[in-house]
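Just one chain follows, in the form predicted on its own, and it is written as structure tokens.
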């Protein structure tokens, strides 16, 4: 049991070196990206928004999955609970990283232009909601809710590690019940504010759940890749077995289908309605060079992972599963590119070097912060009341170490 209660920093000393290298990479990427800010502010902000929403999606997706596990239990969440908590604790950094979007919103959102609003009847009707002060107030509320949920869940989890107090588990379950509802509401309105309002004349009532599904998939893909890496190092190399990867593979498959269902439902409803205001969003993407991006999403965001994850063998093979997870994270970025970039490039598809550098930069910074948070706590919640029952069939007293591959 002693090895299980050691911090990740003590169990895996190499984490400190990885954190340092990622911070250096993030710093170099930030310096290079600043050059793009001076040359083309609008392109910088467009690329930054895309990269930011990917990192925020992993963070919030992990927070939501953590709350789901608090309510449902199960061995699938025990082995990834510490990475979930570490990802959620990056939220204060993501709050600070929202500032470039807040300061640059005049370059991103057309409804901030008073002259444009004055000559557009539709924007005038939406002005009570789409205005700068209310936009910033709503953003502050979103981050307050998300940071509050993360703070209390992680604080109680840390207290549980120290005291083994069983009542803390019930407290976290109660917060998670209301927290999931708060997450669903806040991320829905945040997606309307930060993404859908890029084209303020267009709207979709299913847009929020589409973003929620994407965030859940992003989080599962990241957690799967993290678990594969951790399972090859102590103490998880004695705990994680193929059944854990099988569970995560099943969850990824479910979220792949969920994302595809939401995406197709949005398309089908809008296309069958054939209303000029609504269908223009798709016409711009399907009758120009942006069609190639849409086809890429059909093939690699749904078809390919769906076929691979149907295989039981693929879901129990860590080396293959991590490739699927990394591929999903890449196509998640392409999906955000599909949602954001066409609003800024009306004449056809355009890919800027900032669309590559900024995701790598923010991703490096995010990973460095994640590792820093992961290092300070044990890799398993050994004092969780359900720990023994969830892993009892796997951990056998006196049994030799078992590996996940």
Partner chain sequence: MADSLQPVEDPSRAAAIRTPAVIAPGHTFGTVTDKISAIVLARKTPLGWYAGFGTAMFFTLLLLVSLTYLVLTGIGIWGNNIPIGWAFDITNFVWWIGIGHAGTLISAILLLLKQTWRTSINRFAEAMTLFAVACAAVFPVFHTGRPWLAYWLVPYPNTMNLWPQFRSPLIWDVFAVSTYATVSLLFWFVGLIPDLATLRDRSQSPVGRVIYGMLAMGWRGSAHHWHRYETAYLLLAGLATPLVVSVHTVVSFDFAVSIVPGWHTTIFPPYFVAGAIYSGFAMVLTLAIPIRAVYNLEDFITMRHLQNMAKVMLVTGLIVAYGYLTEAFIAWYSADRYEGFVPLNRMIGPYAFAYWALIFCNVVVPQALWLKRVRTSVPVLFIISLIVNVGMWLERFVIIVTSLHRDYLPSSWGLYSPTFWDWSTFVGTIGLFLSLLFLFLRFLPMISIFEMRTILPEARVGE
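The structure presented is a predicted model; accordingly, all values stated were derived computationally and were not measured. Numbering follows the first chain given and starts at 1.
What comes next is about the form predicted in complex with the partner chain, which does not appear here.
query = Pick from 97 to 105, 321 to 329, 150 to 158, 274 to 282: which stretch has a heavy atom within 4.5 Å of the partner chain in the model of the complex?
reply = Looking at the partner contacts, the answer comes out as 274 to 282.
request  = Heavy atom within 4.5 Å of the partner chain in the model of the complex: which of 303, 113, 205, 237 fits that? Just give me the one.
outcome  = By the 4.5 Å criterion, the partner-contacting residue is 205.
key: One residue of 109, 143, 290, 192 in contact with the partner chain, assessed in the model of the complex (non-hydrogen atom, 4.5 angstroms)   = Looking at the other structure, the residue within range turns out to be 192.
inquiry  = Given that the partner chain is not shown alongside this chain, does residue 224 nevertheless sit within 4.5 Å of it in the model of the complex, heavy atom to heavy atom?
reply    = No.
ask   = Does any heavy atom of residue 117 come within 4.5 Å of a heavy atom of the partner chain in the model of the complex?
value = No, residue 117 stays farther than 4.5 Å from the partner chain in the model of the complex.
key: residue 242 within 4.5 Å of the partner chain in the model of the complex, heavy atoms   = Yes, residue 242 sits close enough to the partner chain in the model of the complex that at least one of its heavy atoms falls within 4.5 Å.
inquiry  = Under a 4.5 Å heavy atom criterion, is residue 125 part of the interface with the partner chain in the model of the complex?
reply    = Because a heavy atom of residue 125 falls inside 4.5 Å of the partner chain in the model of the complex, the answer is yes.
query = Using a 4.5 Å cut-off on heavy atoms, what residues in 172 to 199 are near the partner chain in the model of the complex?
reply = Counting only heavy atoms within 4.5 Å of the partner chain in the model of the complex, the contacting residues of 172 to 199 are 177, 178, 181, 184, 185, 188, 189, 192, 196, 197.
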